[in-house]
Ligand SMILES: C[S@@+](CC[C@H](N)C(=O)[O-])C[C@H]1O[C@@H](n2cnc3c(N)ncnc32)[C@H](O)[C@@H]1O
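Have a look below at one chain only, the form predicted on its own, in structure tokens format.
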């Protein structure tokens, strides 16, 4: 049987014997059955598996879990976490693959996205390991809480919660608080932060109209506690400090406990070094740092451009305030502008020699790309957490005469499908 699926077809719950094809963006592999694409989790390329369909909305594809492996890949290993299974926690995608195989899968995804969406099929992609192993690296973990107060993590593509007592990706400091061993009635989520500067903090999101009493915790160090009304809402301090200390570049960065900082201990240093290496800053350069957060990249570049200038743009007021504080003592003054990047760039004057941008998962978008290109930079370093958005923006940059000339990728999220890239763009040279 071949061709498009019948209208209204629903395979949910059906088990299919399939041969697994290549990896796809999102933590699954592609198989085909009776003319339809089946996106299979918990499988590896080249395997033969029995896949149970978990989601089918009709049309040309459905989603499934590999519930039995008939012919295994040589890269398959036993997952170290009992919750990394079909129907279990949705946080990890590749615990059933060796670390080397995980990096190869991620490299294939980045290369495919750049070829298909970014029109760069010729660029080689290697995902580089970072210091530390595949477990015990996550310094921030956001746990979900069910209506009864039980703590866990969300299942894949679901609001359902998988109760867990321990997440093996978390650092020892995250685990020592014992958050998962307590009940949290009235809470919707509890985020645990164990900063590289030695601070502990909790960001508690209460359910609508509920009060949350923080239960006794196991750590000898009392954590700071913040309350946040919802994702994106302004966190208020309950007790302790509102911010935590993060170590990078030989400095201490102040970061709001509810704000953004890379979750892998090696991430900040790794990405900053990659950006500096890509841009090759020189004395007197003017630098534009977009989506600047707490000021990591401005802090890395400022000592290398004596006599130059740096303009950092950040939309979150808390993060922008942290950036002002963190960059206050640099020899090259940094002007921190608060607002949406596209709006701020309408008013920032002058050209820039170098640009670094670290946009959210959705990417920078056509407007911002055009505004960057209009400044005629010598080089642009694009830090990307989503290969598809990155590739789409790369294609837009090419339309403005800035071409991707190299990309590095880093395994900052072992066991998951996530990968961080740093791309270097330069003006196209006349033929």
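Numbering follows the first chain given and starts at 1. Here the structure is a predicted model, which means the values were calculated and not measured.
We do not show the form predicted together with this ligand, though everything after this point is about it.
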How about residue 221: is it within 4.5 Å of this ligand in the predicted complex, going by heavy atoms? no
Heavy atoms within 4.5 Å of this ligand in the predicted complex: does residue 297 have any? yes
Applying a 4.5 Å heavy atom distance criterion, does residue 162 contact this ligand in the predicted complex? no
I'd like to know if residue 352 sits close to this ligand in the predicted complex, meaning any non-hydrogen atom pair within 4.5 angstroms. no
Which one of these stretches, 67-75, 260-268, 82-90, 202-210, sits within 4.5 Å of this ligand in the predicted complex when only heavy atoms are counted? 260-268
Candidate from 291, 184, 143, 137 lying within 4.5 Å of this ligand in the predicted complex - any heavy atom: 291
Exactly one of 167, 341, 107, 151 comes within 4.5 Å of this ligand in the predicted complex through a heavy atom, and that residue is 341
If we check this ligand in the predicted complex, which of the residues in 343-364 reach within 4.5 angstroms of it by a non-hydrogen atom? 358, 359, 360
